[in-house]
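This document opens with one chain alone, in structure tokens, the form predicted on its own.
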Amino acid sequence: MNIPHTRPWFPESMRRDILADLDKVMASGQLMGGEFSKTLERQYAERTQTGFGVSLATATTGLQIALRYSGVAGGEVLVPAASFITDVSAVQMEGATPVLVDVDPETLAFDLEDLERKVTDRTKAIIWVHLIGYIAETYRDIQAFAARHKLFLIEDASHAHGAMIDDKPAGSLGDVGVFSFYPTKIMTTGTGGMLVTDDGALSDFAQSLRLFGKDLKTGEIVHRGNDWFMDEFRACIGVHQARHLDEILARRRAAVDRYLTLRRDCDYLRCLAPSASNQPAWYQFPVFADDGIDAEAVRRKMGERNIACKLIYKPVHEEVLFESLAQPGLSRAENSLNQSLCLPLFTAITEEEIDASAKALMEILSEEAGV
């Protein structure tokens, strides 16, 4: 048995419907800004309970647009040290300085005390990452911090399609939310992104920047934009994936529930523990090995059994490009990420695959612990 870490979900009926609609796109001759782009934008605005959705080429594009709109150039942006590289590179590309903040291992979001330590009079915005599709139980504290310091709050919800907390969806908790449709994500268009917001001026700005900076009424170039739009082919795929998002989430959550049942008696692991009102999207399912366990060796041994197991990400400042951002005081982010063990999780994963993955992990952990 060879069990991958992830696999996109395109059941036969969905493929059939997509192919029929792709034929309509080609026959129409309208390859951008058409029916499917508008439908996908409406789907995401409705799901996130926001006023506007803007489809884009990538989620990184969405981050750049949000950062530029908020005027961060020359200032600082607070970013969790446990995040993806584009949360840092987007800040740098928009002329600001990323300031890494340690994380709380229980939430995978900001360590609130470190967040307070890192804010300065140069701070302009916050990128708040819902890592692995998990919204922090401390979300109100993060919102209050942003409001108190008058900071623009950007949700990187790339992992959090359909995640909810207290009946509030990811993407609705800040000034703007950004989602990713990258091939590995919960739902995919191959590649692409979505920006959602209640701010009509930001929506207009995003629509302008995604099409070379054109004024939406006159067509004149008024901003330094790019070809950052999503074409109709990808939007068509996205519409069909979004129609099945509730089923996708239900399947992923059921898989995580089974994993949690199977690892209940293990003494060497910690799992996230969402409250009853917190519904993660579970882009990944990480467990965290105790400090005495060599997590890298566990991941390697899982691979030797043909079962994918990876860490969430490397800490951003351990990537070669961003080593200059390394600093004392990021140890909780480092430990959480380096001790993470992400088990196979995808929409069509079978009970047999879940059981085999959990069994292999328990056996390898026992070996590493010398039991």
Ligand SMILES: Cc1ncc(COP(=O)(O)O)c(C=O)c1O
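This one's a predicted model, so the numbers in the text were calculated from it and none came from an experiment. Heads up: residue numbers just count along the shown sequence, starting at 1.
Keep in mind that the form predicted in complex with the named molecule is not shown, yet the notes after this line are about it.
Remark: of stretches 213-221, 84-92, 162-170, 116-124, the one touching the named molecule in the model of the complex is 84-92 (heavy atom within 4.5 Å). Although the partner is absent from this view, residue 156 contacts the named molecule in the model of the complex, with a non-hydrogen atom inside 4.5 angstroms. Contact annotation for residue 346: none of its heavy atoms lies within 4.5 Å of the named molecule in the model of the complex. In the model of the complex, the named molecule lies within 4.5 Å of some heavy atom of residue 185. Within 4.5 Å of some heavy atom of the named molecule in the model of the complex lies at least one heavy atom of residue 192. This chain appears without its partner; in the model of the complex, the one residue of 60, 339, 39, 70 with a heavy atom within 4.5 Å of the named molecule is 60. This chain appears without its partner; in the model of the complex, the one residue of 129, 206, 281, 235 with a heavy atom within 4.5 Å of the named molecule is 129.
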